[in-house]
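Only one chain is given next, in structure tokens, and it is the form predicted alone.
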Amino acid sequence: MLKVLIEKELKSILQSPKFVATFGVCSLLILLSVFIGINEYRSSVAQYETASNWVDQQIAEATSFRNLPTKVYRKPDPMQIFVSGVNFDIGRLSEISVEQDIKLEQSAYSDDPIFAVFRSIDFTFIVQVVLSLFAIVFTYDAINGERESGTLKLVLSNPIARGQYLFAKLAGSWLGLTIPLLIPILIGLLLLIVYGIPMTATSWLKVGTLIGVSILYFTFFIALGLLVSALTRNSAVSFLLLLVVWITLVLIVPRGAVMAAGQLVAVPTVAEIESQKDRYRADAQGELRTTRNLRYQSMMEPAQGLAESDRRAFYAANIDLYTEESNRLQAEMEIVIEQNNRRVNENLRNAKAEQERLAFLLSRVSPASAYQLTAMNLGGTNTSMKNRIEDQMVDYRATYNAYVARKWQQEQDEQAALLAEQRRGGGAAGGYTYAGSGNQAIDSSDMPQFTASQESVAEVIQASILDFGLLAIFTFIAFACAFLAFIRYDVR
């Protein structure tokens, strides 16, 4: 009997105008979002390769390793095709140097603000907004509409359990939404292969998990529609009530939670953080200048009262030692400034993390938030994306600066050796060329390269297990309440 009821419900849905509209809209939006996402990804890859090649060319043309800065770029990830998340909001590159902190700059939206006005339409948006709304359209009159037409009383006059009837409604509506979703998704995945998008095994697993979570998400709204339909006797009332609930859960709660967290947890602004860093650096540099002046005066004090020629000789004999000590003080100052900047950045990150935890905690009362957070975790475009990439760049910065310092020391040693040889031979140094002399390009073949690591599927699932569990709990509670309401439903 259950199979017959499901087949009847599914046949009714497939023959209805609602299915035609759902299939048409879903197919159009999903295929369009995947196609646009593929083009945006390919464009991002082209920009990344062009910029990286330009940086490599600049380094190859440099003639000295002294304070040699560079830039590293964030490599695009194919998962951004399905889940854009914060991918276009955070920067795409960072300067790598001794003095500057790691900071991602030049986001896609900062370069082209017009695209930030209406944001992007990706697969996550379609599921979160469009499919959830269609789930309500499919089920708002599932119970009370049958009562209004007299069909419900006729069906239940037969030996059919109400639980079976309700489950058949759920299964039929679920299949009626899943079919429109899966067909364009499979075509979209085929487009990835046709366009040669470099999807790894990990990426395919993430996409599969995303599809599963998406199905669970709109299953909740199907169960919610059955619940409201079983609580009301008029289909118009149930539709209006479901629309209000949908607006609250999908549009209001996530944004309201972020606004509330912003008011409850204070986070320093970017201007305040930069001001703290600049002020600390200025104070440190002032102290260094004072120390250098005192050391210089102390060095030249024994030469007071000597003849000018003797003073110059004394200066020439001691300047190398003074320069060495001055460079040591400069290096120590940079280390202290770096430690201070890390403390400031860590304090800022902790404040943001606290604000973020509160915002997500409040927003998780909405299944839409739980789904969005899970999708962004799977896509690697969650709010921790910026910190994760910047942390990897910080590690690379330490490696790169150590490499440059070592190469610069080799240049100095080579220069000193050539000058010593020139003095012994009584010739001019102008005939010599060496890396760092301004006459010969540096050899950067062994320079360390930046490679950002991606999160594994296990790490992503571990980070998403709470939200996935909440979606399952919300769906179970909604269907259980719908069952209890339908058991007591008056079919007259």
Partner chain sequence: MFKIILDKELKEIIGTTKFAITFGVCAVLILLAFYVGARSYQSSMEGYNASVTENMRQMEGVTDWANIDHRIILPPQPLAALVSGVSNDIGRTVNMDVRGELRPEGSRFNEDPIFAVFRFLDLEFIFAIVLSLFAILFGYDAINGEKERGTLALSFANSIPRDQYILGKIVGSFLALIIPLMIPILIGCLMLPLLGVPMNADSWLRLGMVILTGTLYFGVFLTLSVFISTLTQRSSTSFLILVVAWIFAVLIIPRTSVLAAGRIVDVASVDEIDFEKGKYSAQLFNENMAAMQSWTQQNYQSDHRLMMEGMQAFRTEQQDLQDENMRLFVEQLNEQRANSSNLRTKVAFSLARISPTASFSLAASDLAFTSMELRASYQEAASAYQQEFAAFMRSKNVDFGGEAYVGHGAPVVVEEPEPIDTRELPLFAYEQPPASEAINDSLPDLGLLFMFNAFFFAGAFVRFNRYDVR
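Predicted model, so just to flag it, every value in this text is computed and none were measured. Under this definition, the rigid core comprises the largest set of C-alpha atoms superposing within 1.5 Å between the forms. Positions refer to the first chain, counted from 1.
Just so it is clear, the following notes concern the form predicted together with its partner chain, a form of the same protein that is not shown.
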Within 4.5 Å of its partner chain in the predicted complex, do Ile193, Asn341 and Asp467 each have at least one heavy atom? no
Would you classify Gln410 as touching its partner chain in the predicted complex, given a 4.5 Å non-hydrogen atom cut-off? no
Is Arg328 near its partner chain? Define near as a heavy atom within 4.5 Å, in the predicted complex. no
Heavy atoms within 4.5 Å of its partner chain in the predicted complex: does Leu31 have any? no
Might Arg255 be said to contact its partner chain in the predicted complex, defining contact as any heavy atom within 4.5 Å? yes
Where, among 415 to 423, 205 to 213, 381 to 389, 185 to 193, do residues come within 4.5 Å of its partner chain in the predicted complex by heavy atom distance? 381 to 389
Please tell me which of Leu240, Ala303, Val336, Met199 lies within 4.5 Å of its partner chain in the predicted complex, judged by heavy atoms. Leu240
If the cut-off is 4.5 angstroms on heavy atoms, which of these, Ala405, Ala284, Met259, Leu175, is the one near its partner chain in the predicted complex? Met259
Need the contact residues for 350 to 369: heavy atom within 4.5 Å of its partner chain in the predicted complex, sequence order, or none if there are none. Lys352, Gln355, Glu356, Ala359, Phe360, Ser363, Ser369
So that I can tell if Gln409 moves, could you say whether its C-alpha shifts by at least 2 Å between this form and the one not shown after the core superposition? no
If you line up the core, does Arg92 shift 2 angstroms or more at its C-alpha between this form and the one not shown? no
